[in-house]
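Below you'll find only one chain, the form predicted on its own, shown as structure tokens.
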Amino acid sequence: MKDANSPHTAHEHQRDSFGSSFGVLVALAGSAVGLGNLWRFPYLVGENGGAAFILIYLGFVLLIGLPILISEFIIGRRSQAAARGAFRKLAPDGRWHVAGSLAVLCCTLILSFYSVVGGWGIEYLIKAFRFDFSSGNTPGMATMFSDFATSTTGPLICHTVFLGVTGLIVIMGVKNGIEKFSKVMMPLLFVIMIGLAVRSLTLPGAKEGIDYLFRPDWSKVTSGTFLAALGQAFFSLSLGSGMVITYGSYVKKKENIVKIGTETAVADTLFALIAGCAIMPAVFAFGISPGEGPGLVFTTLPYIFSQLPAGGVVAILFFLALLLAALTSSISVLEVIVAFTIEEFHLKRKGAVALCLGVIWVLGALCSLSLGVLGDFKVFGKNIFDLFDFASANVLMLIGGLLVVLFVGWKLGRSVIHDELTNSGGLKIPVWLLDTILFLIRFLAPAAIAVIAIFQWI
């Protein structure tokens, strides 16, 4: 009988897998690049003092995010199994599989509210094509968004369409669905956002927005800034949610996981900064507060588009980018749940996708309705949408990330880490780099997560 911690068995060849190194990169970057960059990052920068927040965020990505990302890669590729099955295969004698179960739950909650926001993107792309943002009335833009988000039928239809498109891509499989979609859409997404950033940077008064983004103001840093930065790093890089473990299980042995993990973190961070350059200069150019919160994307930016020359075209490109970013992430979230369902219940991919979409549609409908007719229903003082958001990004991802680094650093240990990072000796890795990665995984990442969690939950 082959040891659970040994390199891959023949089971590897029965699984779908990515077809190329570029396919792995764009799929993983697509998982990381999403509404976390376009929706959350700009408003978190605005609420937390600009450049100081960005530097703290980058520090978390380097010292905590990347080690967790590599750890999840190791678990996924080593096991060649989805989130729950990966832990059970590598540690059959313990209860580590609970970490996988929490990851599946986390992804279920994420996609439930994420698909609602993705549906908003569909609605606003339609509005952009109809040139509905031409009034230039800021209160009117806010009312437009509030009226739609709190209504019943429209958001549910858009939520359904968004989930349907996500499901169609995932049904096609890893190589023919997720990889092919990502290879086309990720480069297109970057091109659109670079174009929008160039346009924003040419506006009169844009310099103030650039200064805001890239000149640190440490006087505005509070403990909440650190909490927000770490939460964003987890949310944006899809850490602690099983997405990287699941995608890692489709990565072939020849791939350099340190290189791919680093490139994924760089691509995600770069996209977030490009998004900031596309949004913040325009915000300052039109004299709008950068701390507008989540409404920045759906209330403030439409007003800005209405004031720009050829603003209707800019609006179309922006909301197309937002929708593409949402889809590249949603397919990775759904794949975690589908892969779990296939392995645990031995269903065909189509049946698993249909079952998962049905459950998520119901939960997503509750999230959507909680902004309107179910708004008075509260759990721990939060409506269902906010509860799912908080529970996934601020609780389950933190717990999942902590369990991942503890499992890799202390359960699997140095020999397994070395074997996976070197592809069983096929790659050379300096001893100092291995020791640094091991130190970050074993000590720094768990300590940082624990401290942040304590401050956040007390």
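Residue numbers run from 1 along the displayed sequence. Quick caveat, the model's predicted, so the values are computed rather than measured.
What comes next is about the form predicted together with a small molecule, which does not appear here.
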In the model of the complex, the residue from 112, 332, 71, 79 that sits within 4.5 Å of the small molecule by heavy atoms:
332
Which residue among 45, 397, 64, 408 has a heavy atom within 4.5 angstroms of the small molecule in the model of the complex?
397
Partner absent here, but in the model of the complex, which of 312 to 320, 215 to 223, 148 to 156, 332 to 340 has residues with a heavy atom within 4.5 Å of the small molecule?
332 to 340
With the cut-off set at 4.5 Å between non-hydrogen atoms, does residue 238 touch the small molecule in the model of the complex?
yes
Please determine whether residue 32 contacts the small molecule in the model of the complex, using a 4.5 Å cut-off between heavy atoms.
yes
Is the gap between residue 279 and the small molecule in the model of the complex 4.5 Å or less for some heavy atom pair?
no
Does residue 243 reach the small molecule in the model of the complex, with heavy atoms at most 4.5 Å apart?
yes
